[in-house]
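Below you'll find only one chain, the form predicted on its own, shown as structure tokens.
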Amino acid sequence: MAATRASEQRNVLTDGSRLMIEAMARAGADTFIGYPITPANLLYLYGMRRFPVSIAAPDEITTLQWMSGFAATGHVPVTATSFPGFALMVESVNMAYMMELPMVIVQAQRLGPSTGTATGGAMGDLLLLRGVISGGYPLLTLCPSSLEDCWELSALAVRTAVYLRTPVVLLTSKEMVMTHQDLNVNTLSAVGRVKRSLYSSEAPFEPYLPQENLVPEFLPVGDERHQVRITASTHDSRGIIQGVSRAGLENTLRLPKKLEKNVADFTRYELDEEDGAENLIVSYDVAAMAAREAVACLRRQKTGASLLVVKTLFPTPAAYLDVVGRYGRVFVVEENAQGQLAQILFGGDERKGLHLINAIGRMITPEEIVEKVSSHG
């Protein structure tokens, strides 16, 4: 899909779903397992056609169990769902997290609570993902805010899942994955296949023995030379169940530490700062499109404005706090009623100069953002 010379125009109408699936396949994901659900329909359609192995599961619980089995045998599986399906996957997501199995879960948000409105867009699952792992440990979560992001972050999700031995969530929304947009595909970067290394020593294999980057080496179950243990119960480096022993707890505490230690490798954000601006607009996902237009409009009106588009959500990079701390007025734009990103960045307390721009059941317009910023200028 991607060409070598960006200077040559090759424009197509495409959607985020197609770009995500293609990028993940090129990056080395080889298995798609899914159960159809709106608004992840196109992801399911493309995934079933594109991957070497594709299986229609009878439900979402089975989907994650089968994905875990494929990951344990050396495959890199992908699925796509929305909140009702993800809710059924939660126990198995925790299982894969504890077993340290690489996989990618595309979570296409829609209007909730519960089944809500399947065809209504929303950005309401951020706090869900922050707390989905029992114990409060971070689940690595990336969020595209453009078609280019759908391509680049999807490839990054596969690479990170493999290199860090962890499930990765691609958080997205109905409009991002289903709306056709114009794109010059020659601007897309080349995606290389992930180079996966396996344990090669003759010494007994310890499936959870951390290396310098705190990530254990990998061998698939069924290896002919070594016994491979995997378990979702509290265990030591050998995969032996330990309960609340020191070895078991140290291994459990390593799980968030390996993400924190390697956070620079998967931190992505867009920062467009204007000299002297006192206003910072912060957004993510599809609302970032309106935020970009609003910033351009404010600058034409000579109203200083900078832009921060968050793409790595969890673990939340400290760089975001450094940026927002430089501004007296911060406007957080997101399509939910609670201001979920604002809660993550600032906590539940009111902060002087913090303004929320929210909507549910509809997209936020650039004009709304401009009006809000201008009224506080």
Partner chain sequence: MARQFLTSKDVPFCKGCSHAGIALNTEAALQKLGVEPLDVVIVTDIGCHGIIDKFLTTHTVHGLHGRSIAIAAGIRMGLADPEKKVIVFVGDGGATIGLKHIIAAAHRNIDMTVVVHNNMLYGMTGGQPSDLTPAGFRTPTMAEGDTGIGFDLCGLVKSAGAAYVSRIVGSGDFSGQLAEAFRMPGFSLVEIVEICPSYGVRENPGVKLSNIAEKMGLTPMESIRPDAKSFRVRRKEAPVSLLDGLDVLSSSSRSALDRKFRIVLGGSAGEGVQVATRLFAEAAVRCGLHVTTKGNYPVTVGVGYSCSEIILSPERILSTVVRSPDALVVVSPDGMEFCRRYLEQLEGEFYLDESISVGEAARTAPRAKPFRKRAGPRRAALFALMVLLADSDVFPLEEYAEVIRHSKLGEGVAVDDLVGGARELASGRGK
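Residue numbers count along the first chain shown, from 1. All values derive from a computational prediction rather than experimental measurement.
Same protein, other form: the form predicted in complex with its partner chain, not shown, and the subject of what follows.
*Asks:* Given a 4.5 Å cut-off on heavy atoms, tell me which of 125-133, 231-239, 252-260, 165-173 is the interface stretch with its partner chain in the predicted complex.
*Replies:* Within 4.5 Å of the partner lies stretch 231-239.
*Asks:* Among Val194, Leu111, Met95, Leu214, which has any heavy atom within 4.5 Å of its partner chain in the predicted complex?
*Replies:* Looking at the other structure, the residue within range turns out to be Met95.
*Asks:* Can you work out which of Thr119, Thr115, Gln301, Ser245 has a heavy atom no more than 4.5 Å from its partner chain in the predicted complex?
*Replies:* Comparing distances to its partner chain in the predicted complex, the residue within 4.5 Å is Thr119.
*Asks:* Applying a 4.5 Å heavy atom distance criterion, does Phe346 contact its partner chain in the predicted complex?
*Replies:* No - in the predicted complex, heavy atoms of Phe346 and its partner chain never come within 4.5 Å of each other.
*Asks:* Any of the heavy atoms of Ala318 lying within 4.5 Å of its partner chain in the predicted complex?
*Replies:* Contact check for Ala318: no, nothing within 4.5 Å of its partner chain in the predicted complex.
*Asks:* Taking any heavy atom pair closer than or equal to 4.5 Å as contact, tell me whether Arg159 reaches its partner chain in the predicted complex.
*Replies:* It does not: once its partner chain is placed as it appears in the predicted complex, Arg159 has no heavy atom within 4.5 Å of it.
*Asks:* Though only this chain appears here, would Val221 touch its partner chain in the predicted complex if you measure heavy atom gaps against 4.5 Å?
*Replies:* Result yes; Val221 sits at the interface with its partner chain in the predicted complex.
*Asks:* If we check its partner chain in the predicted complex, which of the residues in 38-71 reach within 4.5 angstroms of it by a non-hydrogen atom?
*Replies:* If the 4.5 Å heavy-atom criterion is applied to its partner chain in the predicted complex, 38-71 yields Tyr46, Met48, Arg49, Arg50, Phe51, Pro52, Val53, Ser54, Ile55, Ala56, Pro58, Asp59, Ile61, Thr62, Gln65, Trp66, Ser68, Gly69, Phe70.
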